[in-house]
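In the form predicted on its own, a lone chain appears below as structure tokens.
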Amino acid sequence: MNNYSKQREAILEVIKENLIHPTAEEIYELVIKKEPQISKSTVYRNINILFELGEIKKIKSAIGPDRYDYSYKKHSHIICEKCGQIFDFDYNFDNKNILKKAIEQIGKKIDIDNIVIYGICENCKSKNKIKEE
């Protein structure tokens, strides 16, 4: 399952090149431009393998399908609650204390390496201001 494959490498390259946090469908559409013979099931299966190997992150969106990100450096994400756009967010959270507090409060281990903050992006704020006037 973890063997190297040319197709998996092409999928990973597409994710690395696209910092827009693409969906699996968007990854497929980009990969077939490079590898026209690749099937959708192969792309989806390899996305899951790359996720399991820790090569990419899966970002669960409040709006729409999951999105994927290349784990090139430790960072968190901000997701717009209106449009679903995802932004990288660099901040050094005190993960050790967050994890300790979470375990104290809920008694279960959590995924502290994937902190997501929700809000409204500037573009959506601007659209709402125009509508209000």
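The numbering used is simple: start at 1 and walk along the sequence shown. We call the rigid core the largest set of C-alpha positions that still match within 1.5 Å between the two forms. Just so you know, these numbers come straight off a predicted model, no measurement behind them.
From this point on, the text means the form predicted together with another copy of the chain, which you will not see here.
Contact annotation for Gln85: at least one heavy atom lies within 4.5 Å of another copy of the chain in the predicted bound form. Asp113 belongs to the set of residues with a heavy atom inside 4.5 Å of another copy of the chain in the predicted bound form. Heavy atoms of Ser61 reach within 4.5 Å of another copy of the chain in the predicted bound form, making it an interface residue. The closest non-hydrogen atom of Tyr91 lies within 4.5 Å of another copy of the chain in the predicted bound form. In the core-superposed comparison between this form and the one not shown, Ala24 has its Cα shifted by less than 2 Å.
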